[in-house]
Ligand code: FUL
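Single chain ahead, written as structure tokens, the form predicted on its own.
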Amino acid sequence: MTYNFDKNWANGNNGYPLNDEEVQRYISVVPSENQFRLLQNPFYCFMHFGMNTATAREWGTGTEKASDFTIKSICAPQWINAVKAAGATGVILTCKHHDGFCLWPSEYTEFSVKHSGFDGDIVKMVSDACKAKNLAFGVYLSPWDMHDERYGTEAYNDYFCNQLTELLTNYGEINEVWFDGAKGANARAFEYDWTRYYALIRKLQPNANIAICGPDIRWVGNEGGKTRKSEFSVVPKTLCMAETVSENSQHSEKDSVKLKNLTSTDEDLGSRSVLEKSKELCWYPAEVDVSIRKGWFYSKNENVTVKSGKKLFKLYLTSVGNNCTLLLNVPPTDKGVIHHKDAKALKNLGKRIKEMTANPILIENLGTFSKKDGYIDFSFDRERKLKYIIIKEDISKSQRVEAFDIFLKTKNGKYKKAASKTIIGACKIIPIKGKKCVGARLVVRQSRSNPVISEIGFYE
């Protein structure tokens, strides 16, 4: 087969403008320092743990008492060792779920661990364990509260901000604050004061990213690990409106099953045809939140649903390897530990991630392409059995590449197409499945101004 390598970004750009005023508007959108730092550590773990762990539910009822939290002890270092073995770089703890029960001895409610049989501050135990292993720590605080009588009044916004203040001042550096818009169908109508919440976080933890009902990290759109073919980070600014996210969040317990089945692969959030219609743009990278089990809280009935290391690695490739971050939920048990099945799967995942880049063939830092770089050739020292190609754009210069091809060069000098993709972004991982070759060719077909590739690596 004959391939037209001269049909590239430097020669036609697939018929799209390369450097006009509109393109300059797109590439002027870049990540904040917090967002940039996040994308250098794109894999971290959720830990759903709380009243629902003790009562064996996914969602509470609002009628629980503090004494219903019957868990007497936890082993936080074991939690952190398990997720660190997977290669995760941080943890987000459900400090308060929808039932309203607080895992720390809050001064503003009696519904917390201080009135249960648990002796201690679970938030502190987990944050301290993270610090001991150099993992980032983040907090989840549910805006919806089934238990507190102030919910639905302005006094609740005061209460919520008091809770936030405790979490943001008593536990050291907070890496991420995670909100959702989940609310029961019968919950009182109430508008959360997002502007106030955000301002408080910026003041107390200026280095923290705010997700998912937040301006820094967007929800990928489902809880089943699905990502789009083209997962853009430069999107219309309207997407970061918390109220919009809230409307699409869970509104009943059964919704969590529905969300897992959603497929967002056909959705277009950041193509030129979308951006040109939006006056304001923003950098808003996607986070993939998915559970290692069927549910989000531990249930002994779901031990058989633990995803294998192989399946988790596939999720890693399609999330971290597709310009997203991965937030993998790993729920501790009612015995206060990570179940051995979960721990085994996490260890296997970590092994697979390490093996992916254990045998580099060639790694090059390319930088800004010039007009002569319509395509770039790479030569190996000998015939190699290629398994993975990892490409990273310099996202400090925005997200530019819109279409590219990878070709492998065989011993007889011929080229065979190995991949045809759209975006790159912070990281694109391309499995090659052990194909033999002596070199490769990268052809950027379409770009927003000159491509800027920070790194390309070939691994066997």
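One-based numbering along the sequence shown. Predicted model, so just to flag it, every value in this text is computed and none were measured.
Same protein, other form: the form predicted together with this ligand, not shown, and the subject of what follows.
Only one segment in the set 385 to 393, 301 to 309, 148 to 156, 95 to 103 has any non-hydrogen atom within 4.5 angstroms of this ligand in the model of the complex, and it is 95 to 103. Though the partner is left out of this view, A136 does not reach within 4.5 Å of this ligand in the model of the complex, counting heavy atoms only. In the model of the complex, none of the heavy atoms of W79 sits within 4.5 Å of a heavy atom of this ligand. Among residues of the shown chain, D289 is one whose heavy atoms approach this ligand to within 4.5 Å in the model of the complex. Not displayed here, this ligand is approached by W178 to within 4.5 Å at the level of heavy atoms in the model of the complex. The contact with this ligand in the model of the complex, taken as any heavy atom within 4.5 Å, belongs to W59 out of W59, Y26, Y415, F43. Among the residues F111, W194, F118, W296, the one placing a heavy atom within 4.5 Å of this ligand in the model of the complex is W296. For the marked spot (H48, Y140 and E223), a heavy atom within 4.5 Å of this ligand in the model of the complex is present in each of the three residues.
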